[in-house]
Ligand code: HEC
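As a starting point, one isolated chain is supplied in structure tokens, in the form predicted on its own.
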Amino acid sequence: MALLVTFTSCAATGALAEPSAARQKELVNLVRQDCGSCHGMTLRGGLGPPLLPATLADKPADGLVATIIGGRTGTPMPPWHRFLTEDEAQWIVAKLMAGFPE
């Protein structure tokens, strides 16, 4: 629950820290390779659901961030808090909702 409160307060103040260009490249690679291993290499689905703008449009961004950071108990979705900051998870969610970069 603390993650959700932190995300909401950051979003309300516009305090999202944009990752450096080098880190953005690492995050794109992480999504394509690590997330892609379950969500499909083109993010169109596999073991996990598709991560495309159309399938994410009705999902709240803060819930997606919480899922990335904390995982989903009882599913194959692991927590990524050891590898990502909350701001980085927010950046990933924003990119996924807009159409993930190549």
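Start at 1 and count along the sequence shown; that's the residue number. What you are looking at is a predicted structure, and each value in this text was computed from that prediction instead of being measured.
Not on display, but discussed next: the form predicted in complex with the ligand.
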Check residue 48 for me: does it contact the ligand in the model of the complex (non-hydrogen atoms, 4.5 angstroms)? yes
With heavy atoms only and a cut-off of 4.5 Å, decide whether residue 35 touches the ligand in the model of the complex. yes
Within a 4.5 Å heavy atom cut-off, is residue 16 in contact with the ligand in the model of the complex? no
With the partner left out of view, is residue 76 within 4.5 angstroms of the ligand in the model of the complex by any non-hydrogen atom? yes
For the stretch 53-87, return the residues whose heavy atoms include at least one within 4.5 Å of the ligand in the model of the complex, in the order they occur. 56, 59, 64, 67, 68, 72, 75, 76, 77, 78, 80, 84
